[in-house]
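In what follows, one protein chain appears twice in different forms, each by itself as structure tokens: structure 1 and structure 2.
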Structure 1
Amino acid sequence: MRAIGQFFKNLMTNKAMLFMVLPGTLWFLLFSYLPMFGTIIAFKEYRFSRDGFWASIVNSKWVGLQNFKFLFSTNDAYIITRNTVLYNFVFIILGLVLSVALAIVLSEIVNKKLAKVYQTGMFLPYFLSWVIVGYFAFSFLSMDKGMLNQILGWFGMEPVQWYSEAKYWPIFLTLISLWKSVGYNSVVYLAAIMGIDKSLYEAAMIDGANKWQQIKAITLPMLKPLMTILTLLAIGKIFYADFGLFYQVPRDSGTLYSVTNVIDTYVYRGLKTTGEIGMSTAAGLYQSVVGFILVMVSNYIVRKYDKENALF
């Protein structure tokens, strides 16, 4: 009883704060927690029932782990897992370094108008759909009309069939992914830099610290909590590949699959003709569970070394 009384007392004292998180909480409940009951489909052979969705779930046959099998049944299992994790790993590391570096550069530009122009310019790709980015890439990489092959032509080199040469694509995909995401992330870091107390820099300058020393001793340490949090969150998504990047940008070219096939595209290609919802749910559940474990482990590690910066 006391606990409940305490609970309502807390509720009252924090009502303003609680009211502020209410929309977010509702959103998560509706779109993240409520659909979790649907994971049950991963263990069923989903068949339609005329009485609606719930009846369909209840009436479908249990099949145990059968739906998960297709993810692990071939050698492709290794390739898609390797591609997904490695690409995401590279994206996280390079994305972090570049975003922070850009944010610092932007914050140091004296002409604030110009800084805004750069910032907006880098922000723009984030809003482009992957289909459009795919066509941008195509205008560079097209065999007969692409810009890259024309440049090669000027130097007297043979044109390259970019869409069937797998070896170049890890670089292309990394570049394109960074081009699209770095602008957005750097704005997040820029906002954090703006929030750093200016008196710290003044004190440092009085002590004779140069720009580089200021960045190293003030900006980076102040950004560390944000960097840790964003990286931890990104690690949780390491098993999710960006479908548009790996499907639209290489134009679904079969000869590139060894370096472009990731878990999400594999699931899409495997199930687009049969449309087995049970199997796609199984794939989603598998990604989430692995992501969950990874977040827990990395958070545990962070907490071990630096309790302040851990997520929880």
Structure 2
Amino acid sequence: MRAIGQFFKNLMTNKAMLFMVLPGTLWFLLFSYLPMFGTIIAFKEYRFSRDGFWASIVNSKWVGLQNFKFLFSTNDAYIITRNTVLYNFVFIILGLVLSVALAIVLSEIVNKKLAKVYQTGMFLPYFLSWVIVGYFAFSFLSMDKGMLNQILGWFGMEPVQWYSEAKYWPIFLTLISLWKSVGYNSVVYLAAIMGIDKSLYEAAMIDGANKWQQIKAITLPMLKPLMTILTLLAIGKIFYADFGLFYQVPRDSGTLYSVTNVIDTYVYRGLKTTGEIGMSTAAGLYQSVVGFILVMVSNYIVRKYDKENALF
């Protein structure tokens, strides 16, 4: 009884804080935890019933791991897994380096009004739809009137059918992804830099440290915990691909599937063609489980060498 009384006493003491986190808690319960019950579809041959969604799940036939077998028994299993992991690995590494570098550059701009203009310009691409970005890319890569082919024509070179040449698209997709995301991510690091005690830089200047030495000795170490946490969270999504980037930007060109087909686009095309909801659920469960394992392993490694910067 004493423990129960202490529990309710703590609730009343922290009621203001609890009310603040209540909307976020409800959001997670409704959209993150309740849908977990739907993962049972991954082990069933889901067939829609007129009695409703839950009745459809209950009445569907158990198939065990057949959906997972179908997903990974195709010749495309290696390609889509390779593309998903390698692209995300490149995006994480380059995105981290460029975001931190950009945040440091913005923090060193003396004219703060000009810095706000730069920051807004780099922040804007994040809010653009992938459909719009896909048309932007098409305006550059179109065979007939694309800007790149026009530039090649000025130098007397033959136009290139960009949407049929797979070898160029790893570079295109990487550049487009970084262009869209780096500006947004840099704002997070810029906010962290603005929170660093200015007296640290003043003391370094008195000791004769130049800008690079200040960045190396103060800025980067102070950003290290944030960099570690964001990287760990990104590793958890390494088996997830940005559907819009890999579907809308290449315009679903079949000749580019070897370098643009990832798990998300493969599942979408399979669902659109066969209507097998169980297979798409199996793919989502596979991505979630592997992502969870990667986060736990990565956090264990970080915790082993630097306990203070671990996620938990």
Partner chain sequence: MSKSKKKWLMPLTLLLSASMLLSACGGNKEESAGNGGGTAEKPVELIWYTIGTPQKDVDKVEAEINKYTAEKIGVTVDMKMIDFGDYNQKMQVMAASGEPMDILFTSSWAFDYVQNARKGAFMELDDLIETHGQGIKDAIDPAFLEGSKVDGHNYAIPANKELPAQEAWRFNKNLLDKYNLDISNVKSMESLEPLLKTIKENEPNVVPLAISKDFGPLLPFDYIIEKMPMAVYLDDKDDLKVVNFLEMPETMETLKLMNKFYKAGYISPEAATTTSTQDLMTSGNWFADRAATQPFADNLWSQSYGYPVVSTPAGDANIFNWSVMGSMQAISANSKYPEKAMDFLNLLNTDVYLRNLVDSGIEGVHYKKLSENVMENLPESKNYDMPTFALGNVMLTYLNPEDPENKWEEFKKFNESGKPAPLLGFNFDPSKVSTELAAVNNVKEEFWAPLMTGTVNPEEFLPKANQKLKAAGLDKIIAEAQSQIDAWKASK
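Heads up, when I say rigid core I mean the largest set of C-alphas that superpose within 1.5 Å between the two forms. Remember, predicted model here, so these are calculated numbers, not experimental data. For numbering, take structure 1's sequence and count from 1.
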Inset, instruction - With both forms of the chain shown on their own, indicate which is the form predicted alone. - result: 2
Legend entry - Cα displacement of L18 between structure 1 and structure 2 reaching 2 Å, rigid core superposed: yes
Inset, instruction - Inspect the rigid-core superposition and answer whether the C-alpha of K304 shifts by 2 angstroms or more between structure 1 and structure 2. - result: no
Legend entry - Rigid core superposed: S258 CA moves 2 Å or more between structure 1 and structure 2: no
Legend entry - Core-aligned Cα shift of K9 between structure 1 and structure 2, given in Å: 4.7
Legend entry - Angstrom displacement of the CA atom of S49 between structure 1 and structure 2, core fixed: 2.5
